[in-house]
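One chain follows as structure tokens, the form predicted alone.
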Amino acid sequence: MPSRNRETWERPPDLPGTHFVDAMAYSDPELFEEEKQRILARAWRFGCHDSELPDPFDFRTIDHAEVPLVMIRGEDGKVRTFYNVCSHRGAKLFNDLSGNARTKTCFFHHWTFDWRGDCVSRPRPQPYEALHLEAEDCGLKEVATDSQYGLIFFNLDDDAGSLTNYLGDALSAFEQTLTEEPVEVFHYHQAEIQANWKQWVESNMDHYHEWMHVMLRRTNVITEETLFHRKAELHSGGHITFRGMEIDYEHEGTIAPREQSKAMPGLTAETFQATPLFPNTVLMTRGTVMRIDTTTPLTPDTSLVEFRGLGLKDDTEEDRMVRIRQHNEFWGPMSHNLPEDLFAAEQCAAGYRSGGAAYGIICREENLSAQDDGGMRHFYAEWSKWMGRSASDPKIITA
């Protein structure tokens, strides 16, 4: 096969438009701004797990679509999400990632707000009376918040449909794992990567890249039997579930063996399954531990990825240490798999950012078995629907 010149390199592949992605989708600044408005500001996004806000007045801050937010568990037990800005002059209220506060006083002019978002105090309020600016008119902006199986989501769109309709049956693979026994987050870390947000999301839908991972090549993950036993399930709304992988930990000397007694509810100790939720969250399990990661786009070329590890709340100290070790073997900051995934996303981004790569090919068809590109095609079909543009030719508005 001869090498190509500029004309043939930049020519669209001779494939259906659903089977490739134009580089513009990853790197164009104007398209990125449009994504924030059309997708990120309108879709439900995972905020945190219920266990991260265990007590009244616990809070957690989030930045999403360039909007600073804070989630607070009220005295009534309900979790609410607010714009994390003072209604007086726009100063950011909460600066810590998490904490506990019955009320929050803005550092700038000392307006104070409670867990309902109500403005409960303003220094010297009398001068506002002439123009009838009352405290009850100065509350924080609340955004839609709901949960399923202990996973708390929010939506910036005041006209958003329900979370139940948005998720459909996408979380069915994790219902038993998340609800049969109480679970909690035991690990959290962040990574800022030099890649477009979709390039990280792709890493959880593209199982063809398993050939990259040294550890996966050394277990039984990549065999003809396992590849065709595993299947992708395509849910409405762009969500995907991958099931059917059982990992052989027994014959890899550098990995701690898995005990069936430590398996999460509804799983064996060898089960791997994953559910990428459109647009930017994924849940996955490796038998004895669970992972949730969420991607926050920062610029067209940078993203913040948050990683959570979950285990059983009632673990003994010994069991918890086992889970932590087994989580960190594959998914911790110095693990077997995660650094390789991060490196891959950044290397792809470098190719598109430089203008060197023109298109991404997603044309593998294997009846939705493990290394079929059907999951990515499903994602980009949903992306195209929300954006009103085709991922293979984003310059053309389709809706």
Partner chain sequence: MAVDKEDIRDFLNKVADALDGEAWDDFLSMCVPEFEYRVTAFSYELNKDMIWLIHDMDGLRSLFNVLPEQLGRRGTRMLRQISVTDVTQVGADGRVDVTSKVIVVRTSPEGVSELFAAGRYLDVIDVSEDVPKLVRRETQLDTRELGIGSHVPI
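Note that the structure is a prediction, hence the values are computed from the model and not measured. Positions refer to the first chain, counted from 1.
One more form of this protein exists, namely the form predicted in complex with the partner chain; it is left out here, but the text below deals with it.
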To verify the annotation, which of these, S87, N328, Q148, T296, has a non-hydrogen atom within 4.5 Å of the partner chain in the predicted complex? N328
Among R116, K231, H235, H187, just one has a heavy atom within 4.5 Å of the partner chain in the predicted complex, namely H187
Please determine, with the chain shown alone, which of 27-35, 359-367, 66-74, 52-60 has non-hydrogen atoms within 4.5 Å of the partner chain in the predicted complex. 52-60
Is the gap between I39 and the partner chain in the predicted complex 4.5 Å or less for some heavy atom pair? no
Interface membership of E180, the partner chain in the predicted complex, 4.5 Å heavy atom rule: no
Should V214 be classed as touching the partner chain in the predicted complex when contacts are defined as heavy atoms within 4.5 Å? yes
Contact of D314 with the partner chain in the predicted complex (heavy atom, 4.5 Å): no
Partner contacts for 320-336, taking the partner chain in the predicted complex and a 4.5 Å heavy atom cut-off: M321, I324, R325, N328, P333, M334, S335, H336
